[in-house]
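We've got the same protein chain twice here, in two forms, each standing alone as structure tokens: structure 1 and structure 2.
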Structure 1
């Protein structure tokens, strides 16, 4: 017993002693991301993408002659935990930058820590528009992902093309992202097609186990088409319950989903039960069902599959990869690892990604478009793929 006490004490002391002066030849990036719980499905491949970017950059000699070091931590998709980890990464591990977080709950929370500590923070996935709107906007927060306004415009532009659609319904998870997603889509749609009426809005909770009542209630309102912001396991469950109820048939497969259910991750989970014919999106279609695949993307996917030791890879890795790319290109442009310099350099900076160039605008947003298209079955793959993926909203030249 006494020995254990001594050991415990020794460990505690060892942990509290500050690490020997920080090696000056590494740039440390703290990366809180969910690695457990339902959202680890996304967290794991995003981390893989970030790790691959770090490996590639280091193999090419690092940034400003220094190696990048990624410090991943499990945020459990919990805002409090993400904040705790971010603080710990800054104080104990003396990280130079923060990247990561998954949900629209974690990102704004970590953003406040970045603001307090004046450390650049790059969010790869959170879509809540408020993240970069005043008063939350500060010099150190950047977003490489899309936001709900951007995806709403893309979704509305596709919905508007269905000229015979007069009634539309929405179904979205009942939390910040889902609420904003539906609202921003409706705002955008009203501008394009004032003749369309919204006949029903369903709000199942995030992680709902049984969508049957919501599906029935929505079918009762007989919408011509649906804007559905469900994703991940929720979308899988929803589909499995909706198909036998005749839901997709009732709306002629006119369902648009802006929440990346077009990724191969989602398609593989559903296999042959995927509701072919719906319109979905992805940051990275991975498997390109068309001719417009960028050459950089081909190399990226091949490297990714080797790195992940997986036959197909993942449609989520790219956002982690882009976050690290943005940061490293920012450091290079600033010629400094000081957050103040890097933050200044990143505003207005154009950086390369495997799917083309992205630019941080004055609001620290890339307004990243996504690849949209109809989900089809192709003999070469045992899962649904996006047919002729097109970037939406169409990128404006700048």
Structure 2
């Protein structure tokens, strides 16, 4: 009996060795992201982009000789759920790093978890400016996306070109992102066009099912143009309710939206119901035209189409892809998987993306510009595309 007991212990120890070895050869990245509800139209392709980056990096030998393992979870675009998942990923799944989240409600909440646990967190999309401003800024949070100050500057520069526009209204979701988006746009616009008056501001909740009261209230103020920060499923619902009421016609389609409704993901979701003629943006226009498309982007889109088994790919996948690329570059630069080392290495670090180089500044920001343009219908595509996408604001060294 004693011999059998000893043999059993020996076998148990031997069996555990390969598992430990496998664990040591893996770098785990927790990735909470909305995969259900109205924001999944953005969340799902962001995850696909991150997964493709992991696949490419692992195929090339991994990072520091280790394979990346992505652990996605459905945050449902809910801050409390994102926090619960982040803590579970750290405690139960022993992740080495965090990336992901979509909204400006989720990201600050998960950033707090990252700070408490001293673990690097890379936010691919949240634009809330305060995410990286004191006192919220801490050593472990980094952002690869734009922020509301950057998008507001771009949007204001385009609105200012409407010389006959004298009154402007805004409509934005009533939470941190929407409030900051509208405020930063107005601040930038007042500097460029002090003659323009803001005549109305509407604040539907995130996930609003009925925009009709907000649409009617805004039309009653008769603005010449609108700055709209609605996105994902909210913009789809808003458009379907606003069009039959004559909303877009009343403003001659002079609506600017900085919330990536220029992506082919959003355009495909609306199909022929897309409000052609508005001005919108995307991190990746996918369909470029002209001769200014980087060769790296052409390769990225082709690979993404294959990976997603999609004819067109996605305009959102790029930010998930960039988040993983930035994190892997930080690990390589640090020569370590310890968050303290990686966090220090990422400050001032330049990394490659399919649309050019990005650099984390002292505030852990890339200040990423986006591609803007008028949304048009072309016979070659069954959805709206950005005509002659223009990078705004013009990239600067940061």
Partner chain sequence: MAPSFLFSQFMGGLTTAMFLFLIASGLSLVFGIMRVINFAHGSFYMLGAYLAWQGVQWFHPTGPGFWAASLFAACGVGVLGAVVERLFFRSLYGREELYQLLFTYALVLILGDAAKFLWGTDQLSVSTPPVLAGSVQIFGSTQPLYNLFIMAIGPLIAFLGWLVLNRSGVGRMVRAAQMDREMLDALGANVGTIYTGMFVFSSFLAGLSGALVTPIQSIVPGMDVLIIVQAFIVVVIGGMGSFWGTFWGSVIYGEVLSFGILIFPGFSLFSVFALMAVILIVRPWGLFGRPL
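Every value quoted in this text rests on a predicted model; they were computed, and no experiment measured them. Positions refer to the first chain, counted from 1. Between two forms, the rigid core is the largest collection of C-alphas that superpose within 1.5 Å.
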| property | result |
| --- | --- |
| Identity of the form predicted alone, given as 1 or 2 | 2 |
| Residue shift check between the two structures, rigid core fit, residue 105 Cα at least 2 Å | no |
| Rigid core superposed: residue 247 CA moves 2 Å or more between the two structures | yes |
| Rigid core fit then residue 222 CA moved by 2 Å or more between the two structures | yes |
